[in-house]
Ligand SMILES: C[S@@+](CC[C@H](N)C(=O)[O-])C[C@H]1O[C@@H](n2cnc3c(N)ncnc32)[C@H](O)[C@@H]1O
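The chain below stands alone and is given in structure tokens; this is the form predicted on its own.
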């Protein structure tokens, strides 16, 4: 057994023992080992918050260890605009964490012979796993970036499996291959493209990461009905995917001039609404879907930090000093964003602190909305 085969077997055993990899998907993970789909050049974090390249040729053993770690691997930054010798800032493509891949495939409930559309080809590994299980003739995968799509075609062919790889906007789906029994997205959305519903047969499933500008970490599974609508519950809130390119959220920067901001204080710690409790963060995002947030640590070696919130021309910050219970709040613009966040948190507490898994999503031709417990109870 080669080192790569041994590492793949260790990964498979680890995922199986944790209950993440089912018997249906073990053969695919064995036949389509992850390292075949990891590019020779990958990107890794730097101490200053950027990204720099790591090359297989520089340390083959470390590269292989990385390929079989249960971690995501960055394969493109800045939409490919940053050269290999440069410093990247924005992650724009990756090969997903194996445990998340295994969980999502189990959630998808694929049977051999089913027609599957994957949104977001990336390296091609997920498409290879799907094709091995459903049949390569039944799997279509779509990738918006031509360079990434071309590489995936080549890698898949070298692995001996040839699903249909389409270069295009995943938001449009791929009508020529419809209807599909399953659609799976590996990019997060804030709004389900209705094309996905139209291209799924009645009774078919759509599985996609879903989020808001405030919170991006949920996974929803929808069942399409004969009336052209789709409903389903959120089934996980521990995933985090890059946005579908057409639905990327803004990435505002904190202002340098705080003049004119209204000052107050709060005893609600920002961690309570955006860090410690995933259910609370999800719920606040439902009430304030367009509000973006950011944590910035102090650079003085303490645990002090500032929580920022942004929406349009409005911003708010909460300055947290180590060991204090009252925190300084600054708010600017037509909205009082921190007060809105506090109100959204109080709403979540008032309705019984429901878990993310109690919420669902309804998608109609002309509207879509999140509900609590029942489609008759929109949020």
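For clarity, every value in this text was computed on a predicted model and none was experimentally measured. Numbering follows the first chain given and starts at 1.
Quick note: we don't show the form predicted together with the ligand, though the next part is all about it.
Listed residues 96, 140, 200, 212 were compared with the ligand in the predicted complex; 96 is the one with a heavy atom within 4.5 Å. Note on the partner interface in the predicted complex: the residue among 155, 126, 133, 281 having a heavy atom within 4.5 angstroms of the ligand is 126. Judged against the ligand in the predicted complex with a 4.5 angstroms heavy atom cut-off, the residues 234, 239 and 356 are out of contact without exception. Only one segment in the set 296-304, 259-267, 218-226, 183-191 has any non-hydrogen atom within 4.5 angstroms of the ligand in the predicted complex, and it is 183-191. Interface residue remark: residue 243 is counted as part of the site for the ligand in the predicted complex, having a heavy atom within 4.5 Å.
At a distance threshold of 4.5 angstroms between non-hydrogen atoms, residue 169 is in contact with the ligand in the predicted complex. In the predicted complex, no heavy atom of residue 88 sits within 4.5 Å of the ligand.
Residue contact check for residue 148: one or more of its heavy atoms lie within 4.5 Å of the ligand in the predicted complex. With contact defined as any non-hydrogen atom lying within 4.5 angstroms of the ligand in the predicted complex, the contacting residues in 108-126 are 118, 119, 120, 121, 122, 123, 124, 125, 126, given in sequence order.
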